[in-house]
Ligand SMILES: Cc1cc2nc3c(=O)[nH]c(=O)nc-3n(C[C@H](O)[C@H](O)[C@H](O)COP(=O)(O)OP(=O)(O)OC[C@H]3O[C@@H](n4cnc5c(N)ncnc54)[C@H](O)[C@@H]3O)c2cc1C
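First, one chain by itself: the form predicted on its own, in C-alpha cells.
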Amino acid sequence: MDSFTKGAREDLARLNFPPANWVPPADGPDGRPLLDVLVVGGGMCGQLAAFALMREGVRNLRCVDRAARGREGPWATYARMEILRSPKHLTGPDLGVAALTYRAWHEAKYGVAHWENLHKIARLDWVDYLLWVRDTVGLPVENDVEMKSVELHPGFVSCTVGGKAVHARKLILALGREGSGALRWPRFETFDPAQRASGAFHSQRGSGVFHSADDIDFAALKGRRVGVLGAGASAFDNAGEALESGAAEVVLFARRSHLPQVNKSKWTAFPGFQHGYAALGDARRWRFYTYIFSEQVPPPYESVLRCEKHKGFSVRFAEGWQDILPGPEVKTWKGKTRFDALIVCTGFDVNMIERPEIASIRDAIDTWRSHVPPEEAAKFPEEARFPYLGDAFQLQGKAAGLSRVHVFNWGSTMSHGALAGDIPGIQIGAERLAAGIARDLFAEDSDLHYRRLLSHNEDELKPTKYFVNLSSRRPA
C-alpha cells in the first residue's frame, strides 16, 4: 500500500492540494489566533467536512472526536452489519479524487479480480478505508478529545474542548446520529430506560436490557435466549450477531404484520434530488420527507438471510412490546415471555435542541415546527423537531451569531436531504457546507480583502521593456 498511498498523494499535489490558506488571521478574546473552523466529530462526516474545507483553502481548523482512533462513528461500534448497505461503486469520502476512492483502495489491497467479484463492501474494510483517506490527505483529526459546551459571542463561538476553552469563527457539529438527539425508546407501560442498571432487569443467565447502540458483549449471550424489538436493519443485524455468537434462540418482535418492502429513501440518491431538494419551498420539502420517513425502510435482504440460516431464529409479527418487566420479561398482547437478554432496536430520536452540548443556545434554535401548519407538526412530531437550517447547514433562530454553528449530521435531513450521513449524498453535502463557510468567511472580511486587493502587486511586466515601477506610476 505504500506505493499506492504515495501515488494518491501525488495526485493530490497535481490538484494543488492543499491550496494556500487565504483567510486573514483574527485574534480571539485570549489574544491568541481564532480558529477559522472547529469541526466536532471525526467520523465520516467530520473528516469529509475538514477535507472539503482544506480543499477550499480554509486550513486554520481543528477536528476533534471523543472516541479513540478507529472508533469514530458507528462503523466499528454499534453498526453490526457484515457489509455496507450501499452499492460498492458509490463514492463520497474521496471528494472526486479517483485515487482516493474506495475502489482504488480495495484494488490496491486485494487486487482487481477481488473487486470484480465483490458483492458489497465489508463494514470493517470501510473503517480501514476511512482511516487511510484521513492519513493520506493529512486531515487534522484529534482523538480522545470531547466537546462539552457551546457559547455564542460577537464574531466567534466558544467551546469547551478537552477541558479547555477553544474559540472559532465557525463551528461544525458532525456528531452523527446520536448527535441529532438521543436513543429512541418506545413508551412502555411501566419500564423506564433509566431503570436498566437495576439488578431486577439482569437475569441470572443473561445481561439485562440493551439498546442496539450500547456496547454489548455478545459473547456473553452464548447459549442464552434473546428477545429483539424491531423490524429494521439494526434489529436483524443485532439478531445475527447474537446468533453467530452462539445464542441458543433469538426471537424478533415486530409491530407490523409484515416487513417494510420498499426503501423509498434509495430513490432520492440521484443528483437532481440531492442538488435540488434544498431549493424547494418548505411545504414541498415537508411533503417529500414525511412521506419517506413514514414508509420506513426494509432490512437488507442480506441481513435477513444472515438470521434465517440459524434454526434458533424466529419472528413474531404484529406483536409489539407493551412493557419490559423484571427478569427481564417481555409483555405483549399475547402474554409474557422471559428472556436472558433483551435488545431494543428502535434507533435514534431526532431532538437536537435537547443535546447537552448546546444547552446555552437551545431556546434560540429554529425548528421545522414553526414552518409547517400546527396540525402537520402534531401529525409528525419528530420531523417537526428537526432544526430548520440555512443554505450551508447553518442554524437559524433568534440569537445573534447562531449562523456560525453548522449542523452536518442526520439532523440536517429535513432541510437538505440525506447529505450528511448516508454515503450517496455526502460529497454534495460536504462541498455545499465548505463552499458556504468559505463564502461567509470572505464576506465577513470583505473590507480587509479589498485593502489586500489595493496593495496587490506582482510586477508581471518586469521582464519586459514596458515595466513601470509602482512608485513612479501616475493614477489612470
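Residue positions are given as counts along the sequence shown, with the first one as 1. Because the structure is predicted, anything quoted here is derived from the model rather than measured.
Omitted here: the form predicted in complex with the ligand. The next part is about that form.
Participant: Out of Ala239, Val344, Ala174, Ile324, which one falls within 4.5 Å of the ligand in the predicted bound form, going by heavy atoms?
Facilitator: Of the listed residues, the single hit is Ala174.
Participant: By the heavy atom within 4.5 Å rule, which residue out of Pro74, Gly312, Gly320, Gly390 makes contact with the ligand in the predicted bound form?
Facilitator: It is Pro74 that has a heavy atom within 4.5 Å of the partner.
Participant: Please tell me whether any heavy atom belonging to Arg66 falls inside 4.5 Å of a heavy atom of the ligand, as the geometry stands in the predicted bound form.
Facilitator: The answer is yes: Arg66 has a heavy atom within 4.5 Å of the ligand.
Participant: With the partner left out here, check for me: in the predicted bound form, does some heavy atom of Ile423 sit within 4.5 Å of the ligand?
Facilitator: Yes, Ile423 sits close enough to the ligand in the predicted bound form that at least one of its heavy atoms falls within 4.5 Å.
Participant: Glu357 versus the ligand, in the predicted bound form: is there a non-hydrogen atom within 4.5 Å?
Facilitator: Because a heavy atom of Glu357 falls inside 4.5 Å of the ligand in the predicted bound form, the answer is yes.
Participant: Contact with the ligand in the predicted bound form for Gly43, defined as at least one heavy atom pair within 4.5 Å: yes or no?
Facilitator: Gly43: yes, in contact with the ligand in the predicted bound form.
Participant: Among 176-184, 102-110, 222-230, 264-272, which stretch has residues with heavy atoms no more than 4.5 Å from the ligand in the predicted bound form?
Facilitator: The contacting stretch here is 176-184.
Participant: Hey, which residues along 75-95 are within 4.5 angstroms of the ligand in the predicted bound form, non-hydrogen atoms only?
Facilitator: The stretch 75-95, when checked against the ligand in the predicted bound form, contributes Trp75, Tyr78, Ala79, Met81, Leu84, Arg85, Ser86 at the 4.5 Å heavy-atom cut-off.
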